[in-house]
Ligand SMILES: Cc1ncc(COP(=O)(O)O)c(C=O)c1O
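Have a look below at one chain only, the form predicted on its own, in structure tokens format.
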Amino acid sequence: MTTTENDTDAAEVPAPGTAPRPVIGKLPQYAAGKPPVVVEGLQSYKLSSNENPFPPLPAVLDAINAAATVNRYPDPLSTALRNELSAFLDVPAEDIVTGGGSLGALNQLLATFAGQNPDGTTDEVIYAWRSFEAYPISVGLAGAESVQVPLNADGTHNLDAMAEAITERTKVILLCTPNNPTGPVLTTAQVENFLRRVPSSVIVVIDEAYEDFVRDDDAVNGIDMYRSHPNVVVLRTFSKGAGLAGLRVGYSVSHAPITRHLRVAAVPFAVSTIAEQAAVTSLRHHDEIVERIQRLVAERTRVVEGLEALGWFVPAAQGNFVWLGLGENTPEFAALAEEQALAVRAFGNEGVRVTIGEEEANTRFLALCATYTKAPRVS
């Protein structure tokens, strides 16, 4: 096909009479981690998206390659995966609802329980900020109102302030642990105390996308909280620890009074047959995955200790990333990292999140920090 003067870029053609919902103009845009630039003489590394640098296990790759039914729709209930998770987590399969990553599972929950009411009032969703970048987008698209509660100076949740923010309009509370992008976890005692202050009619979501990397003995376990609290929903994913980010498979765990409504809002066929088989195989080879995760945890320890030796403040890192609260120096540091063929995730003038990646990438990151004179410190 040849291009003529009459051909016009569709993006430039106005669409009279069409307009998005007003909320669209008020929502932030999700900014995915940028790929690294090419720098001559240096291997480029992407440390901007909290991806697992290791590929899936060989057995998982075999399961993916063996998939031969992509001409057929997947099982809409992901029965094989739910049954496997049921045995793995020791929970009823009926309490598990799959989704396109933990974000897909979250969107299903918000669409079910938070939005605009017939009388025009909007429900409220409380969460710490800064936290997962998709939260305000998902809440807004559901038609609900975000109530953002600032983090403590050390990057932890201010649970007292979150409890005080609860009103009659509060329908859902999101707890991200470890918190993305700052890294600290919530402890069992903290969450138990918090739940005592939350009305039973309010759903509390424990978002554990990074739970595979947690090594803090006091860290809350969402499944334990779900067992003892009917209003708790747990979110987990195969994107991080299992290295299946590109396949988009996650799930929620909650009791029947919640799951029966979630299934109404669940996106049909959100988890592909390939993704389901990859996740099932990952669970069956969990011990091997844990070995790989432990390598990343060891690298995380090396990076944190290296930064602390430089006198840098790093919030308690329990995910596969570290947070540098660089404030107004954030753009400068991100640009310097780019010159070193390292892509990091800069958040405006707040800070930089750096994924724990390959050993060489982590070493180069530490070398950059050793030459940077504007170290982050707790405020």
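None of the values given here were measured: they were computed from a predicted structure. Residue numbers here begin at 1 and follow the sequence given.
Another form exists, predicted together with the named molecule; not displayed. Remarks below refer to it.
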property: Contact at G155, F347 and E350 by the named molecule in the predicted bound form, all three, heavy atom at most 4.5 Å; result: no
property: Which of 172-180, 193-201, 277-285, 296-304 lines the interface with the named molecule in the predicted bound form (heavy atom within 4.5 Å); result: 172-180
property: 4.5 Å heavy atom contact, S78 to the named molecule in the predicted bound form; result: no
property: Residue contact check: S254 to the named molecule in the predicted bound form, 4.5 Å heavy atom; result: no
property: Partner contact for F132 in the predicted bound form: the named molecule, 4.5 angstroms, heavy atom; result: yes
property: Proximity of D207 to the named molecule in the predicted bound form, heavy atoms at 4.5 Å; result: yes
property: Sole residue of Q108, T98, S138, T237 within 4.5 Å of the named molecule in the predicted bound form, by heavy atom; result: T237
property: Listed residue that, although the named molecule is not shown, lies within 4.5 Å of it in the predicted bound form (heavy atoms), from H229, R248, R82, R292; result: R248
